[in-house]
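Just one chain is shown here, as structure tokens, and it is the form predicted on its own.
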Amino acid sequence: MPHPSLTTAARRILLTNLRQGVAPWNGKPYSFVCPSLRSYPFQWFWDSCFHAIALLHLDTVQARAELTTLLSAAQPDGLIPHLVFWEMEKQPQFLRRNLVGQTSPHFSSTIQPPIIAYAVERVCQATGDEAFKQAALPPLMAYYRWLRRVRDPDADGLIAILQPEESGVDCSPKYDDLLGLEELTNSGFIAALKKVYADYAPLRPSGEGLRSDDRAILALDRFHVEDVMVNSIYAQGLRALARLLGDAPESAEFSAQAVKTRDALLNKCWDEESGAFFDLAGVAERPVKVVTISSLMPLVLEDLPQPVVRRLVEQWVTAPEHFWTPYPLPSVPASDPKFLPGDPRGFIWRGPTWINTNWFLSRALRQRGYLELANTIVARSQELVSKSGFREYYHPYTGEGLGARDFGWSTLVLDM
């Protein structure tokens, strides 16, 4: 169990970052925790899912409200956006500093790793709230069907992202070549990303200055990536949705899709020679042979073959030259020449340790019988927060807290 002081501090962070009100632009009430008041206002998709899971240990009513608010942003076609601008007065300043593709002034056109069905399942398990579950199921089914219909154009079971932020690991070195990154800095990343946006510009609806038609964007083949972490979380979400549906006939649909995605990860993304999973780039599905934290994420799949699990754990997770740093698990192995363990000044996911990936992988390792290993990751994660506070990410050697302060999803230590 986390120390009582961590629980008290987590409660303070989540309540301080809580935003509540009624949006004047659609009349809907909202109640959500923003990731960071200063750095990340608004509601962010996978952050909200993490916040809801952490809140189960503090306030189950707010955990439900968090996901109810996110589900209320579902679009008519099924998309649940990465970013919802409930408080529009904060938007102009934010957009001056950030690139955001939008379907309307109030929503992003982008996705994030689709963990929402798993988060809903956790809230249902903790509360037994049947009404919440029944209200959540229609938008959840529409969302996972949207992902399959729109983001899996070749119907192989792997959904595609169309820009790096959709993976959740924005500036990961695995994208450097795809982006044509010329300068290994955050400003270099932004410059490369602007070129991607410029190439997508002709596909905007006329006169609106906004983006739509993801299938046309993917067909452009500018940044078309079947990302291992995104698809691992997609399969995990599909399984959770199937369980939520119980005996309903739709359950078999989502269960079969989860199996298809798992099989595609194994058949297309697993590299036996390297002992790692790799993303696939472009319509041609070229393996991106760069090992990052994403390469380990299929461990979250409970039916991953044991020989593959053992290879990932023994060759990568527990190797001090790769991921087993004093404060594991870094987002890039220490053996990578582009490993940046210190303050990246916005050039993120290139070395520091993050609590959310530690949460995913510690739970996965525990389920696979690696209890001591999982417990060590949990203990080191709690030590990071005790030592440096709830920060966005941490130095994998010193434990120094980096990035945004009072960062919401680091309260996931309560669930570890």
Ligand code: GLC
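Residue numbers run from 1 along the displayed sequence. In this text the structure is predicted, and so the values were computed from the model without any measurement.
Keep in mind that the form predicted together with the named molecule is missing from the display, and what follows is about it.
- When the named molecule is considered in the predicted bound form, only one residue from 40, 370, 359, 347 comes within 4.5 Å through any heavy atom, namely 40.
- A heavy atom within 4.5 Å of the named molecule in the predicted bound form is found for one listed residue only; from 77, 170, 343, 129, this is 170.
- In the predicted bound form, no heavy atom of residue 406 sits within 4.5 Å of the named molecule.
- The shortest heavy atom separation between residue 66 and the named molecule in the predicted bound form exceeds 4.5 Å.
- In the predicted bound form, none of the heavy atoms of residue 30 sits within 4.5 Å of a heavy atom of the named molecule.
- Taking the partner from elsewhere, residue 112 is found to have a heavy atom lying within 4.5 Å of the named molecule in the predicted bound form.
- Partner contact region in the predicted bound form: 162-170, out of 68-76, 272-280, 179-187, 162-170, criterion any non-hydrogen atom within 4.5 Å of the named molecule.
- Scanning 17-55 for heavy atoms within 4.5 Å of the named molecule in the predicted bound form gives 35, 40, 44, 46, 47 in sequence order.
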